[in-house]
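Next comes just one chain, in C-alpha cells: the form predicted on its own.
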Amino acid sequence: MHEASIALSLIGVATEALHQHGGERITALTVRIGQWSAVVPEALQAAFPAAAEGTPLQGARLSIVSVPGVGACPAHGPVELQLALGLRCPVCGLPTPTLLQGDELELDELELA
C-alpha cells in the first residue's frame, strides 16, 4: 500500500506550505489524482487520518478530485480514455501515444486556520 507513503509526502508538502504562509493548522486539503496515476483514492483516504495524527493536519478533511485520462488520438485529437481499452482511442481504437492528462498527483488546495 504505497498510498501511506503518498499520504506522508502530502502532509510534508502541506506542512511546508503552512509554515510559509504563517498558519497554525490545516483544516482541509484537496488533491487531484489522475485516473492513470496508479494511486487508489480509497486507499489514500484510508491512510490519511493515521498519517496526519500528531501533525498540523490532524483532523483535516481530505478531498480527492478524480482527473480522467485524456490521450491524443492521431485521428480524433484529444479523447477521454477508458481504462478497459488501455491507451487506445475509444472512437477508432488507434493507439494514443501521448497522455495529455490523467497521470497527475497534485496538492491543489489547502485551507489554513
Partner chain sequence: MTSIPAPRIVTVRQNILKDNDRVAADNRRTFQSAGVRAINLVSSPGAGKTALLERTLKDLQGQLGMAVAVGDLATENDAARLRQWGVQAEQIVTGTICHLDAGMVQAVLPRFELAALDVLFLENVGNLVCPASYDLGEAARAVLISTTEGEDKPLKYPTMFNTADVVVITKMDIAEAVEFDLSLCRENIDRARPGVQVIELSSKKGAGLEAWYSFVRGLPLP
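Numbering follows the first chain given and starts at 1. Just so we're clear, the structure is a prediction, and the values are computed from it rather than from any experiment.
The discussion below concerns the form predicted together with its partner chain, not included here.
Interface residue among Val67, Val79, Val39, Ala60, judged by heavy atoms within 4.5 Å of its partner chain in the model of the complex: Val39.
Under a 4.5 angstroms non-hydrogen atom cutoff, its partner chain in the model of the complex has Leu105 among its neighbouring residues. Proximity of Pro95 to its partner chain in the model of the complex: non-hydrogen atoms within 4.5 Å are present.
Taking the partner from the other structure, its partner chain in the model of the complex has no heavy atom within 4.5 Å of any heavy atom of Gln101. In the model of the complex, no heavy atom of Ala43 sits within 4.5 Å of its partner chain. Contacts between stretch 57-86 and its partner chain, counted in the model of the complex as any heavy atom lying within 4.5 Å, involve Leu83, Ala84, Leu85, Gly86, listed in sequence order.
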